[in-house]
Ligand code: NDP
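First, one chain by itself in C-alpha cells, the form predicted alone.
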Amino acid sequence: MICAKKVETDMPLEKLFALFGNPVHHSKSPLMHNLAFHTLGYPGCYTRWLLEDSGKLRDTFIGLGLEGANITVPHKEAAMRAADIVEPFALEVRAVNTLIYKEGKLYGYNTDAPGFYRALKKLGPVRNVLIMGAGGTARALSLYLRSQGIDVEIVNRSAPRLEWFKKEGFVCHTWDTFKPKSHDALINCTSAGLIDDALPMPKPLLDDSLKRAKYAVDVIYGKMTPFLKEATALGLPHFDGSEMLLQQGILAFDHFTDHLYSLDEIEAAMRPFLTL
C-alpha cells in the first residue's frame, strides 16, 4: 500500500481513512487516494475495511479512529443513518458514500452523482440524456442531472421499477414502449456486460439510439463492455465507470482534506492511478 511520506507540516500526522464495503478486496480506491496523499504531501493513509454488519458502521468508524471514509455497497443507506448531519442531496437519494468526522460529529455526503456530472461535462455540452436501468445508481444520477438543468429520460426492461421515476416526474419507457430518438448521451446504469456479453437494451433499439447520440457512458469499470464496444464502433466519445470513480474520489478527497487543495490539483495528483 502506498501511504504519504511524513513531511514538515503544522497538520497532525497520520490521518487515517478507509473504504467500508462488502466486498472491498477488488477496490482501487486505496491506490487512488494514497497516490494523491503521497503526491500532494498530505499526511494521510487510506485502507480497506470489510464491513459485514451495516449496524456496526458508526461504531467501527469511531473505533478505528478514522478522519473519513468512503462507503460502497451495501452500506450507503446505513451510512446515511449513521451520520449526524447529512447534506440535502444525500438525504434525497438516501445514500451516503463519504463520511467525515469533525468536531465530534459525522457528516455525510454523496459524491457519486456530482462526480459523474464532472465526468460527463468533460465529453462536451449535454442537454438531455437517456438512462438505461432503474436501480439506485439511476435514481441518484437522474435527480442530480436534472438539478443541473439536464433533461432525463429512463428506459428499463420492466415497468414496476419505473414507478419511482414516474412519481418523480421523469419520462419513462419500457423496452416495449421505447422508440429511439436523439439524446446527447446514453448512460448504462444496468449490470449488463459486467460478467457477460449482454447489452442494456435489445440490440436493434440500442443501435438505433447510439446512432442518434453524441456520447456514451457506462458506469461499469474495469472492462470494455459490449455497450461501449458498440459505441466505439460508431466512433462515439465515451467513458466507463473508471472516470466516474476518479471524479467522485476527487470530491471525496476534497472533503477528506477540508478543501485544502483545488479540485484541479487533486485531479492532477489522482488521475495517474488510472494507468497503474
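Since we're looking at a predicted model, the values are computed, not measured. Numbers follow the displayed sequence, beginning with 1.
Same protein, other form: the form predicted together with this ligand, not shown, and the subject of what follows.
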Practice task
Tell me the stretch among 102-110, 121-129, 81-89, 182-190 that has any heavy atom within 4.5 angstroms of this ligand in the predicted complex.
Solution key: 182-190
Problem - Heavy atom within 4.5 Å of this ligand in the predicted complex - the one residue of 172, 93, 134, 206 that qualifies - result: 134
Practice task
Would you kindly say which of 219, 216, 51, 250 lies with a heavy atom within 4.5 Å of this ligand in the predicted complex?
Solution key: 219
Practice task
Give a yes or no for residue 194: in the predicted complex, does one of its heavy atoms lie within 4.5 Å of a heavy atom belonging to this ligand?
Solution key: yes
Practice task
Would you check, heavy atoms only and a 4.5 Å threshold, whether residue 32 touches this ligand in the predicted complex?
Solution key: no
Practice task
Please run the contact check for residue 199 against this ligand in the predicted complex: heavy atoms, 4.5 angstroms, yes or no?
Solution key: yes
Problem - Partner contact for residue 66 in the predicted complex: this ligand, 4.5 angstroms, heavy atom - result: no
Practice task
Given this ligand in the predicted complex, answer whether the residues 24, 27 and 114 all have a heavy atom inside 4.5 Å of it.
Solution key: no
Problem - Contacts with this ligand in the predicted complex - residues in 226-244 whose heavy atoms fall within 4.5 Å - result: 241, 244
